[in-house]
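Shown next as structure tokens: one chain only, the form predicted alone.
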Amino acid sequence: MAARELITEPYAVFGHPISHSLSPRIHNLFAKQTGQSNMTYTAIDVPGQCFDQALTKFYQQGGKGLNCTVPLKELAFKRADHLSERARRCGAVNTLVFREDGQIDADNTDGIGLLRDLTHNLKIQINKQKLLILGAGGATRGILESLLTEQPEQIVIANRTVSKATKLAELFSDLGEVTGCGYDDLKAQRFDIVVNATAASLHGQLPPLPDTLLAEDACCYDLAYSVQPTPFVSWGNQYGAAVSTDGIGMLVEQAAEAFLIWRGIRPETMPLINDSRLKQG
């Protein structure tokens, strides 16, 4: 009897640009680790204006699920038929699941990915700590709720446009102590954890930060990731942070959460994270 042909189940990440993405490597390693031999995962370059067409095409070709990254998270939010509660509050999604009837379930795994890397992998305590988030864009929206579940003493959002920071703080103020301010307002403040959620590192730049920003044994965490230390990671090391690291752990952890949603099994993340951080250091 002829061997039965394996029917593959396609997954992908959409974004623009996307050639730099580590997601295919991560998810294909997850699939190998968990014995999901019928799963494939690729990166597809999709500009914003082509998103709807590309989404429909991928589903018609048998696609089971998608990750969406810049600049598509808000567009994916609008296309979803069913949103998780955390995705609804974020106003953006990064993980889509196609139902058999074509309806789309959507979630945002960024916040839980960051939280797991901070608390589980790096052993950083958030409860009763003072947190600063740099930037008031979509990246910050994606992580605020998860951070607030740990009940920090306060979260301050700093942004060049102060009104954007204060407005975002108001949206999440029902979950805890959140305020917004400008960078000039940081000069007299000190923080236990500073998260860079701006795009500055992607351009080799650094937000305007005072030298006295870090409390003793502070943690600096850059959502961006790079083979070499980002400007923000280097800044944290220069000014005495006990931990200063980039977002490779968050990337792997949010991917594991998406993999769990799709395949019903959570892969081991530490082998990938340790390997990546060793290569950086």
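Just count from 1 along the sequence shown to find any residue number. Please read all numbers here as calculations on a predicted model, not as lab measurements.
Although it is not shown, the form predicted together with a small molecule is what the next lines describe.
Only one of 191 to 199, 76 to 84, 122 to 130, 174 to 182 lies within 4.5 Å of the small molecule in the predicted complex by heavy atoms, and it is 191 to 199.
The three residues 137, 205 and 224 all sit with a heavy atom within 4.5 Å of the small molecule in the predicted complex. For the residues 220, 66, 46, 250, the 4.5 Å heavy atom test against the small molecule in the predicted complex is passed only by 250. None of the heavy atoms of residue 88 is located within 4.5 Å of the small molecule in the predicted complex.
None of the heavy atoms of residue 245 is located within 4.5 Å of the small molecule in the predicted complex.
The small molecule is not drawn, but in the predicted complex it has no heavy atom within 4.5 Å of residue 103. In the predicted complex, residue 167 stays away from the small molecule, with no heavy atom inside 4.5 Å.
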